[in-house]
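Just one chain follows, in the form predicted alone, and it is written as structure tokens.
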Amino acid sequence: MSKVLGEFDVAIVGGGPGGSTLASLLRRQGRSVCIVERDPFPRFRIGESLLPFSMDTFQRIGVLEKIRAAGYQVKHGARFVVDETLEEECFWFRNGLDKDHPFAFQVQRAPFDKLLLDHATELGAKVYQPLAALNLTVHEDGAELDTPEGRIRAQVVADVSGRWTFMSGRQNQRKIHPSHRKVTVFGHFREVTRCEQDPGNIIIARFGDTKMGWFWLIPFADGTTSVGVVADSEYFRASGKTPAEFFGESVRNSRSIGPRMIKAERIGELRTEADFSYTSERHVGDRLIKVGDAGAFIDPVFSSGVFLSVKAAEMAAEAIAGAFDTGDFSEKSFLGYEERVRVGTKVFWAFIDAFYNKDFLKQMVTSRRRPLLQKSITSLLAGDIYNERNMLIAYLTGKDGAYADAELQSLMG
């Protein structure tokens, strides 16, 4: 019989932002919690631009002041550019439908994720690290999580394993999004020219048609900048270039990004990722709840990854609290959580689909002429995805997500 490492109310697989946030929320409920994290921290991760609507959750778990004290780059908005024409617009979070979320942070994920994990530990979460989860067995009276060092027993297991998708892979539920097969090449650089309106703002520059892609520039407080190019995988393969060659040529050919990279000096290696948009057939099971990227990961154009993980952690904590209150840990008891998560993810998917496949970027960079449209877009960029006052949400997610320029202009005035 395997050694029993410990018994907890909740065992969490994954110590990234979603896992750490969930652990902190559960500890504040008085639950016994452990985190099983396979990698030693600090470790590199992509997803470096946070959204303002994450700040409430960070405040709730008591970590926001630590984030402020760490000196991360403050982000007040997002600048979008049409590469070929240099048309652009800067969306300031203070000008959204909600005025109470005017900022976020740009973070290097290695120290940021460690800060969140250390905070969860200070609140009393037990962290097993580095330690991999190997298998999950669910019984009528509990669940058992197997690791190389022994077995962990819990009433609920939360899979917050990120793109590793601990359970979705084992359940054969991980499905790649067929129309969002992308390749990204990215790295960190010195001497990049930043946003002129505010050097803390992220820049997104769209180039070419739907078969091409976009750039990101994310500035950090230490003077370095994360720069990446995202492109359709077929377009990348057709180029016949290595990732480094593709990145270099894309930058040189860009009217908006090329001039910003003239003096740039790369720090470390260029990294590559591919096929990073997927979902899971189910986000819940008996005594099982998937959080953030473990259930679905969407294209990063709107910097939604960390936000969706943190928001899902908050909703998962509420669902788990309800399960303990009723003593019902069945899949059925978690279906409300799954529905809520899918609603939020659907909003971002529709927003991304409009950005890629319709002429929505043109609407974005000319939205100053339609103040309500600009406020609505700004709110989505801030992470305000459950705001029923935002008519753009209903439009993008309705009619099969169809977008029509004349109809949108009529809707927004």
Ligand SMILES: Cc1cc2nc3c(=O)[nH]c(=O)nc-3n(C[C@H](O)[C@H](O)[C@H](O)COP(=O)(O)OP(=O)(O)OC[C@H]3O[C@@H](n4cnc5c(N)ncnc54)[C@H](O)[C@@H]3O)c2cc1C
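One-based numbering along the sequence shown. Owing to the predicted nature of the structure, the values given are computational and were not obtained by experimental measurement.
Beyond what is shown, the protein has a form predicted in complex with this ligand; the following relates to that form.
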Check your understanding: In terms of non-hydrogen atoms within 4.5 angstroms, which of the given stretches 26-34, 344-352, 375-383, 43-51 touches this ligand in the predicted complex?
Key -> 43-51
Review point. Do residue 152 and this ligand come within 4.5 Å of each other in the predicted complex, heavy atoms counted?
Key: no
Point to revise | Touches this ligand in the predicted complex: residue 13 (any heavy atom, 4.5 Å) | key: yes
Practice item. Indicate whether residue 73 is a 4.5 Å heavy atom neighbour of this ligand in the predicted complex. Key: no
Check your understanding: Contact between residue 203 and this ligand in the predicted complex at 4.5 Å, heavy atoms?
Key -> no
Review point. Thinking of 132, 162 and 303 as one candidate spot, does this ligand come within 4.5 Å of a heavy atom in every one of them in the predicted complex?
Key: yes
**Study point:** Residue among 247, 216, 329, 80 with a heavy atom within 4.5 Å of this ligand in the predicted complex
**Key:** 216
Review point. From the list 112, 93, 337, 307, which entry has a heavy atom within 4.5 Å of this ligand in the predicted complex?
Key: 307
Review point. Can you name the residues of 279-301 that have a heavy atom within 4.5 Å of this ligand in the predicted complex?
Key: 291, 292, 293, 297, 300
